[in-house]
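Take a look at this single chain in structure tokens; it is the form predicted alone.
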């Protein structure tokens, strides 16, 4: 049985891309592996150093994870800041992480371009904290998207470097978790790129039906096909991609044929797509609201998760300190 670690930042709310791109796969993954799912509230501070409602954001993401089907009775579900051992391993790994290699990461370059007035040390050492999150539980597998592949490779590098410096075979070098098929990539409603909160092009699992209808009706399309059989433009293709994961095959077939025959009415397509998204998200949104109102349950989940996570993390820190040479007199 593999040990798998996965985290999500506590800066917002889950969207369709999170759900179909990863979480649905997590439900099977958690029954077949030893899984650690955590809310990355330390990571959130690299881009939101003064969050308006840090606790509220953590609570929201936690409730959404649970509403989607992550089972705290099977997997270990916890909040990153509830496990102080992560911070200690982060510090120890930083001693053997080099400024040059951190400055070359694509994510650091992108972040300093987007937030030139907030180029903090946490941004630079983000991959080190990510590595600490993973290897503190001696994970073998990590489910990562394309944008996180470089960070996983750096995690492997830091694990390998520790083993070489101290002449041990202690940390495994984790691989990307393979779900056995190509992952679903949910595009945004703005016609380009993937769906995301920061891009402002997402449909969130907690959105009301009214919010979903409003967002979908504003989705980017085009002026319509000019000739029969014409390939859909990128924005329209994106809508068909979303429709393929939320709508019945007959619905997709109907609108595909209408596009091919130049008879498509994008307004009708968007109305149908909105209702199909609502059908998928309504049960989840209802569960989210129920869980958010049950503070006792949430408290039990995070306290139990922290206890389980710390049991694993404290064992690692104890052994790492011994390897480095920190011993009691």
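Numbering follows the first chain given and starts at 1. In this text the structure is predicted, and so the values were computed from the model without any measurement.
As for the form predicted together with a small molecule, it is not shown, yet the points below apply to it.
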Though the small molecule is not shown, can you say which of 77, 216, 142, 242 has a heavy atom within 4.5 Å of it in the predicted bound form? 142
If we test each of 70, 277, 61, 40 for a heavy atom within 4.5 Å of the small molecule in the predicted bound form, the one that passes is 40
Using a 4.5 Å heavy atom cut-off, indicate which stretch of 126-134, 162-170, 220-228, 251-259 touches the small molecule in the predicted bound form. 126-134
Using a 4.5 angstroms cut-off on non-hydrogen atoms, would residue 24 count as touching the small molecule in the predicted bound form? no
According to a 4.5 angstroms non-hydrogen atom cut-off, is residue 308 in contact with the small molecule in the predicted bound form? no
With heavy atoms only and a cut-off of 4.5 Å, decide whether residue 321 touches the small molecule in the predicted bound form. no
